[in-house]
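This document starts with one chain, in the form predicted on its own, laid out as structure tokens.
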């Protein structure tokens, strides 16, 4: 068996320190404004790629940002207890899935994913990190080792993703969303 060649790449990520979060939700507001069309023209937290899970009486605030779309519901229905309050595992999940409405575009229903506020010109850090006044969110770039072929975008993966979106939402909704997203900036 041939040994896979390794290379390093820089991975961008947001580190969440829940102990510092005060639940102000500035991250949700600025994220939704940044992703409005045109930028900063409106504020709709339902378009935010980050959500703050809260239990204000216990001072528990946990920022969770949107991850990958999954076409199936998870099998686990575990619960977690924090300071005496029970949460189901969906509360902490980063995925957009059929069993909940979090991290879905409110107009089209298409899934949202954190894009680290990619724009032209590039930002130094995502907007949620920039506007977090208590440093609960910090931006990190770390170097990780990956297989040489792992980093490549395969056209088959893109086609499969588009096919599943068309199957679920219909071609018109997908094309409308792509047209709207292409007009941003």
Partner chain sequence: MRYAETGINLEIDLSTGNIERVVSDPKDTELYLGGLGTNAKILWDRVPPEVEPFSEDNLLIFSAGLLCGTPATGCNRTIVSTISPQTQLMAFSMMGGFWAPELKYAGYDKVVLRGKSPDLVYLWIKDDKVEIRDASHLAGKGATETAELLRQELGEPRAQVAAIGLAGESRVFFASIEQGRSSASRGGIGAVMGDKRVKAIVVRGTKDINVARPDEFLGLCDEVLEYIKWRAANPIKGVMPILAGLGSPQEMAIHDEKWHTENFMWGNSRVRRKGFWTEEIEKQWTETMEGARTRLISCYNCPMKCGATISMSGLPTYMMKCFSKLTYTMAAMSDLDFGLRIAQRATEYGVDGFSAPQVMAFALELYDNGILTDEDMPGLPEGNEERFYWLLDRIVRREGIGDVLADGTYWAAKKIGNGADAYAHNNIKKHEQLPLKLSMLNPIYFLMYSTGEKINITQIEGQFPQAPFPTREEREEFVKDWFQVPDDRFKQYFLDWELRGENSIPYYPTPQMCCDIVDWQERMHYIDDALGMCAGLSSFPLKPPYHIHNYPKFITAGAGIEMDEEALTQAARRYRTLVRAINIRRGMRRKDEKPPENHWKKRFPELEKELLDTYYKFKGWNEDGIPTKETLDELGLDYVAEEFVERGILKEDEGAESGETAAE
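In this text the structure is predicted, and so the values were computed from the model without any measurement. Numbering follows the first chain given and starts at 1.
Below: the form predicted in complex with the partner chain, not depicted.
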Any idea which of 138-146, 112-120, 66-74, 38-46 reaches within 4.5 Å of the partner chain in the predicted complex, heavy atoms considered? 38-46
From 175, 24, 11, 162: within 4.5 Å of the partner chain in the predicted complex by heavy atoms is 24
So, residue 158 and the partner chain: in the predicted complex, are they within 4.5 Å at any heavy atom pair? no
Partner contact for residue 166 in the predicted complex: the partner chain, 4.5 angstroms, heavy atom: no
Can you tell me whether residue 18 touches the partner chain? I mean in the predicted complex, with a 4.5 angstroms heavy atom cut-off. yes
Although the partner isn't part of this model, could you tell me whether residue 106 comes within 4.5 Å of the partner chain in the predicted complex, counting any heavy atom of the residue? yes
